[in-house]
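Below, in structure tokens: the form predicted alone, a single chain.
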Amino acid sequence: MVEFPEASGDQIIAAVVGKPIAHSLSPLIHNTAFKQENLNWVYHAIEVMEEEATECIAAVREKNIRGLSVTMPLKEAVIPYLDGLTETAKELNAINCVFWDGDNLIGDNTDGDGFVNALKSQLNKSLNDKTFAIIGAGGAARSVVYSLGKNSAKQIIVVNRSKQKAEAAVQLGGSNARVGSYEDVAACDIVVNSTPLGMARTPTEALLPVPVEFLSANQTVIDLVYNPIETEFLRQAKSLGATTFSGLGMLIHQALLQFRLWTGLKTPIEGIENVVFNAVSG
């Protein structure tokens, strides 16, 4: 049974739903943002199974939950119970948040744009003269490829063990996207790991998504894994002299895009970055 907490007084409730959910940093990010903006909102993590998707959205309507983040395994499962989707969500056929448009519940996907916003902020330059190697072809990769295509990246190369999945991801990136191999990675300006390899406390924590011989000092290397902050992949890339970024930037930026959909406010990221970094680094 899906149960959202009752609001206290004129408090407004927001939440992230999915399973597992206990590890989510979304409550920390959003509650910090609400505090920064002096909003009487509170954000909870609610465990919801895939078979509870229809019940979940019904509860959102009944309880007037004003902001909803959606994670696995619900990113596709809740779509049939919404009133509409943004163009991005339609293209990806997956959502990561729900917002109210009048009386309608609309699904959106802010993952890819969160990645692009984070990278623009980190590099402080345009992406349209950059070539990208995206390692992996799952949901995160698809959203990144789609947003890079929208932002006119010079070239997007998807490298994945399953060529069929790579080809499906490439379709989202426009005419400048293609399927590639490890050999193509060496010639790219920016290399992005979108696989779970390297995640802390997993059997693949020490594994690399790309052999280190395809990396070099003149590249920017990004790992969408954010725990640990410095994965083995980033550590090896840094040892070669590459510029490296963890997945924390994307995590925070995609969350703040959701925050803006719900509240209409654009809150400063600096204070949130410090809080989240300290939480992840222990």
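So that there is no doubt, residue numbering starts at 1 and follows the sequence shown. For clarity, every value in this text was computed on a predicted model and none was experimentally measured.
Heads up, the form predicted together with a small molecule isn't pictured, but that's what we're talking about next.
Touches the small molecule in the predicted bound form: Ser194 (any heavy atom, 4.5 Å): Looking in the predicted bound form, residue contacts with the small molecule include Ser194, since a heavy atom lies within 4.5 Å.
At 4.5 Å between heavy atoms, is Ala140 in contact with the small molecule in the predicted bound form? Taking the distances in the predicted bound form, the answer for Ala140 is yes, it comes within 4.5 Å of the small molecule.
Contact flag, Gly107 vs the small molecule in the predicted bound form, heavy atom cut 4.5 Å: So Gly107 does not count as contacting the small molecule.
Contact of Ser162 with the small molecule in the predicted bound form (heavy atom, 4.5 Å): Contact check for Ser162: yes, within 4.5 Å of the small molecule in the predicted bound form.
Location of the small molecule contact in the predicted bound form, chosen stretch of 249-257, 235-243, 60-68, 43-51 [non-hydrogen atom, 4.5 Å]: Careful reading of the contacts points to 249-257.
Name the residue from Leu215, Ala33, Val225, Cys56 that puts a heavy atom within 4.5 Å of the small molecule in the predicted bound form. Of the candidates Leu215, Ala33, Val225, Cys56, Val225 is the one lying within 4.5 Å of the small molecule in the predicted bound form.
In the predicted bound form, the one of Ala89, Val170, Ile79, Met199 near the small molecule [non-hydrogen atom within 4.5 angstroms]: In short, Met199.
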